[in-house]
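Just the one chain here, laid out as structure tokens, in the form predicted alone.
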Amino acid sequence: MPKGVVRKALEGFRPYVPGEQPPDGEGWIKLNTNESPLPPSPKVLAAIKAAADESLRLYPSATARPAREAIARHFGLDPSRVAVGNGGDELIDLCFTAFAGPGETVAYPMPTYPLFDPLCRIHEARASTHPTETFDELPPSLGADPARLKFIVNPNSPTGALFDAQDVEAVVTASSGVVVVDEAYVDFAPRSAVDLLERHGNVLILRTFSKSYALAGMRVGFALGAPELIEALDSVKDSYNVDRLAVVAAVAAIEDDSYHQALVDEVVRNRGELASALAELGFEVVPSATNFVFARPPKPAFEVATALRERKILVRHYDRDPIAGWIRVTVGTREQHDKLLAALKEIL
């Protein structure tokens, strides 16, 4: 980043780099960005097509009201306890804007979602990181941290591990500021922290339609929390942050429970098969509660990822401690897994 052009706080800034997104239709097997291996519900596609009419000349609801109301019905909440955003990432950014000003502290365990570090730089907040002893244990120091804003990604990314419910609630109870529990992958896990909303007014639950609803391309996420927290998020968002088609897609998706459950069940079955197959090839595999498998190959991760890419198979590899040498493999279809495993046998 050129010096003298941007804010001093961003000198030497390293932005978050999303997974490689090759052009559609070129035969790549994409197991690097945790997208759904299955398409969206047919009801969602029909709703989007029906909404793609002359009304697109008009702005959408400024509050994404139809989606907000549908999500509220799904969770048995008042709509005042729901915010909708342009994907989960926008909601994370809004949490920084609403709850942590320049010079204030934002705390989170490590390793976790790597977006938090650059957002701290962008918002000139101070990162307070708490290393985990094991992938599935929250550091006890996180609860005692006086930070105004804390994040817990559960199930965690990129490890796929699920933190204990009592440990998550202990952090919420011990915190005087806002605790954000990012549950982007929770539909693939055995439990959620949504019940914390009944007992704590300082917790926000973040969800997304990108993973278990197969709508990564629509960019829709939502937050659940106390009306005061939701109002704070709404006060700092863009005027029309969720477009008309995304609103329609979100409503149709969350109302099609049977399709959603079938998609989740398929991913969980394939996840177990993939994890077992990787273990048989000599990978160290972390038990996953997500739609991906986090594993350490018996050869250097960079070499494995590079060799797979040469075969048009994409996985995500990590080169920074404490997860240097690990790769993250999105759960795909069985056909994709067969091609991945055949390639890995050649490489290893």
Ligand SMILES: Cc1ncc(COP(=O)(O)O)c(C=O)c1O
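Don't overthink the numbering: it's just position in the shown sequence, from 1. If you're wondering where the values come from, they're calculated on a predicted model, not measured in any experiment.
Unshown form predicted in complex with the ligand; subsequent notes refer to it.
Stretch-level contact check against the ligand in the predicted complex with heavy atoms at 4.5 Å: of 202-210, 225-233, 141-149, 69-77, the positive one is 202-210. The partner is absent here; in the predicted complex, the one residue of I92, V171, C120, L278 having a heavy atom within 4.5 Å of the ligand is I92. For the residues R219, H260, H130, R244, the 4.5 Å heavy atom test against the ligand in the predicted complex is passed only by R219. Contact with the ligand in the predicted complex holds for all three of G87, Y113 and S157, each having a heavy atom within 4.5 Å. By the criterion of a heavy atom within 4.5 Å, A252 is excluded from the residues contacting the ligand in the predicted complex. Within this chain, A184 lines the site of the ligand in the predicted complex, having a heavy atom no more than 4.5 Å away. Interface residue remark: V153 is counted as part of the site for the ligand in the predicted complex, having a heavy atom within 4.5 Å.
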